[in-house]
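Okay, so here's just one chain, in structure tokens, the form predicted alone.
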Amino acid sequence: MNYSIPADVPKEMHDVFVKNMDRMTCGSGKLFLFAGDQKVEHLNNDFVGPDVSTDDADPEHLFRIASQSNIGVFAAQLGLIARYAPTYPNVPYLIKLNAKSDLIKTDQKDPYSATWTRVEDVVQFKDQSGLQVVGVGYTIFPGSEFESQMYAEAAEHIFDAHQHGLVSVIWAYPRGKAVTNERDPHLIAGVAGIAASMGADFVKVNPPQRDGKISADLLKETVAAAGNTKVICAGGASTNVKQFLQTLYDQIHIAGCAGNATGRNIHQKSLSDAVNFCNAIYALTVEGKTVDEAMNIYTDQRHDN
């Protein structure tokens, strides 16, 4: 796979960058990011409840899934990875550099997610642990009164990550009192352009909506605005497996997205179902399988278990 190597990746780090991109996308250029950063973002609301498997109450559930499934990369904060990853060294990891909870609502204060971890800390951790740390991620909230601070931090982190051959992913959510519609297609395209201006390798966005409906056609403007920065979509709240796979297929094959970032739809399931679902998502995203083929992988493996 020929990747677009940013000019801020030093020549001596080109091979490292390509290796990390290859590991994350499994040589396909398409990213299946398994998201575990909700332990902070949504507190325990995503991990305990009547429709959530009891497996999900234990943080190690995330790592068991990542270790036993076909995924591209598992994303979480450094502290959680440091606690559990030594037991699961086969997993490729992406470290989220910032995080905030959802306790403080937008009508109380515009969101600001400050840096927890610097890239140099990630590099030191990677060297000391020997773990497969292949990238870093950072969340920005365009429209917040604090956006300029987050932009400055994110841009610096991306540059530093590239200096060490690490892949960068920006989580980009328009949010704040100035934002009247977080899912506006034109606004989300603009947000993707911000991530591109920062030099991000991937930008994760919520799929845009019009009249309350999601359509892959609405994402075309976002993909165009992102340019060489590849667009991946958030999986959102848990939904029907077939519906999820069809939406993902359309995002890739109609809109031109480069994959997905999925959390709740995976980890709220039991371990066996979560692994089967990951394998179906991987088949569709990375291997180019159809919805029916991916669905067969999910159902056949469930029967085998």
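Predicted, not measured: the structure shown is a model, and the values here were computed from it. Start at 1 with the first residue shown and count on from there.
The discussion below concerns the form predicted in complex with a further copy of the same chain, not included here.
Only one of 38-46, 248-256, 275-283, 262-270 lies within 4.5 Å of a further copy of the same chain in the predicted bound form by heavy atoms, and it is 38-46. Taking the partner from the other structure, a further copy of the same chain in the predicted bound form has no heavy atom within 4.5 Å of any heavy atom of Ile71. Taking non-hydrogen atoms only, Asp8 approaches a further copy of the same chain to within 4.5 angstroms in the predicted bound form. Interface membership of His186, defined by any non-hydrogen atom within 4.5 Å of a further copy of the same chain in the predicted bound form, is confirmed. Taking the partner from the other structure, a further copy of the same chain in the predicted bound form has no heavy atom within 4.5 Å of any heavy atom of Asn181. Interface residues of 133-162, taken as those with a heavy atom within 4.5 Å of a further copy of the same chain in the predicted bound form (partner not displayed): Pro142, Gly143, Ser144, Glu145, Glu147, Ser148, Tyr151, Ala152, Ala155, Glu156, Phe159, His162, in sequence order.
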